[in-house]
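Below you will find one chain, with nothing else, as structure tokens; this is the form predicted alone, and questions on how it binds or moves follow later.
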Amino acid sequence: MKSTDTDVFDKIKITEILNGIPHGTVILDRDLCIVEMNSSLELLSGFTTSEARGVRADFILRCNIGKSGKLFRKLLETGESLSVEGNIITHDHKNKPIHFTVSSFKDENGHPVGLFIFLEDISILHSFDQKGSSRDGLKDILGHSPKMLEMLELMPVLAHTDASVLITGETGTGKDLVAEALHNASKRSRHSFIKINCGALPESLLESELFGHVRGAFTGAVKDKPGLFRLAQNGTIFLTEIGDLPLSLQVKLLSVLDDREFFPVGGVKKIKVNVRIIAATHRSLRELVKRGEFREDLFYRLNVLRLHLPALRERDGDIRLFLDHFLRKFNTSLNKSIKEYSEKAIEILTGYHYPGNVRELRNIVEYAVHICQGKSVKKESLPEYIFFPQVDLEVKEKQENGQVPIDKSIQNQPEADQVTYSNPTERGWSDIEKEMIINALKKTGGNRSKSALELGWGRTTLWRKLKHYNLN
């Protein structure tokens, strides 16, 4: 690029202006090399500005809108504008549908200087068109049990506010899916949705990932890094497993929630952000606050709006819904033509307690579809471990985590009253399940609520099974 071109770009603070644009934006010079691009395009393309600067655009914006080099050259020469849909291949080889808007600009003498290109990610629109669902995105969440219907009625209300949301629920209940649905249904849906697991990275690396760093902040910091909060500008950042966030970073997160600004690692200038925070955890934050492992003030700032996802065993009727849904899904993806489950398989699958919730059910169905050789999923196609319930272990683990109150009368029962399970190949599943129910009732003195808790079921599930086995 010639010095006259450089003078034009030096007259304005290009980076600040570009980063204020919510879509991917890039400036090309008259040689169609990249002069500058914004953080939205960094996130979209997978290339950083420092990597792209000075490189020909067709090496970074690998798009399918004709021969882009010739097309861009023609637009530069004619001064015309272009608005068209196409796609780009990102740095990690993903194909993303994009709406391109290209326009040229000239210097004060009327000579062509370069091109502005705006890239709007329309993958969300394409996904909704393919699914045939509405823009609210909530129809992707399955469930017609009373607890799920109650949650689904609340979600549109939460989606149309900007307040922080705390999503709670056991592992595998679908917290990630709900968080993304809230984003897709919100006014921020045209901007980025960025997820990070607070327990997956060491503290020093997590701080840099969240808040970015400046060059020279630590050994190996050879260039500035924007951080996920800046990349999520005007969008949503989803902090999963928030209970694992180190105390030192809890202070910094609280500052972001209160002041909408933060210092990057090693930086001396505050960065302002406009980001909605959705957090999720399977742990009891109140218990962590009591133990001094989570800041109380941060808990209340995150807990402005609360959404609790029920465990699958508490969602009467939804198990069969998911079984049919995942059977169709894996029939398609694995090119199978399985039509149904056998009655015995249904009896086993609807009676299982699913400690891993929807994620575990999905894995069980995927396993069964792989193994099944006929047109019907039979008992033999199911993974062996589901025939050996570990209800006592599940309840014990929840009690240790403070999720379930410990009943001393149950804890002190003699060993003879403990539930025992025989090899399921010697007896039918119905016999095993009936024995589980009888032992749980004995253990709790006939208290159905406590028996349901002991078995890891909802009260209506226990009532239905008592009727089924004529144990009323």
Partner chain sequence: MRILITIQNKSVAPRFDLTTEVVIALCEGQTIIGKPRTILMTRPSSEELCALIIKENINTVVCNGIEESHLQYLTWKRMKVIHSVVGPYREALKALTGGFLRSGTILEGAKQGVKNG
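Residue numbers count along the first chain shown, from 1. Basically, rigid core = biggest C-alpha set you can superpose within 1.5 Å across the two forms. Computed from a predicted model, the values in this text were never measured in an experiment.
A second form of this protein, the form predicted in complex with the partner chain, is not displayed here; the remarks below concern that form.
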{"item": "Contact of E433 with the partner chain in the predicted bound form (heavy atom, 4.5 Å)", "value": "no"}
{"item": "The partner chain contact in the predicted bound form: K94, any heavy atom under 4.5 Å", "value": "yes"}
{"item": "V26, heavy atom within 4.5 angstroms of the partner chain in the predicted bound form", "value": "no"}
{"item": "Residue contact check: L43 to the partner chain in the predicted bound form, 4.5 Å heavy atom", "value": "no"}
{"item": "Sole residue of M151, A221, L75, I89 within 4.5 Å of the partner chain in the predicted bound form, by heavy atom", "value": "I89"}
{"item": "Sequence-ordered list of residues in 49-65 near the partner chain in the predicted bound form, where near means a heavy atom within 4.5 Å", "value": "S50, E51, A52, R53, G54, V55, R56, D58, F59, I60, R62, C63, N64"}
{"item": "Did N331 shift 2 Å or more between the shown form and the other one, C-alpha, core superposed", "value": "no"}
{"item": "Displaced residue check between the shown form and the other one: P146, CA, 2 Å or over, core reference", "value": "no"}
{"item": "N87: Cα shift of 2 Å or greater between the shown form and the other one (core-aligned)", "value": "yes"}
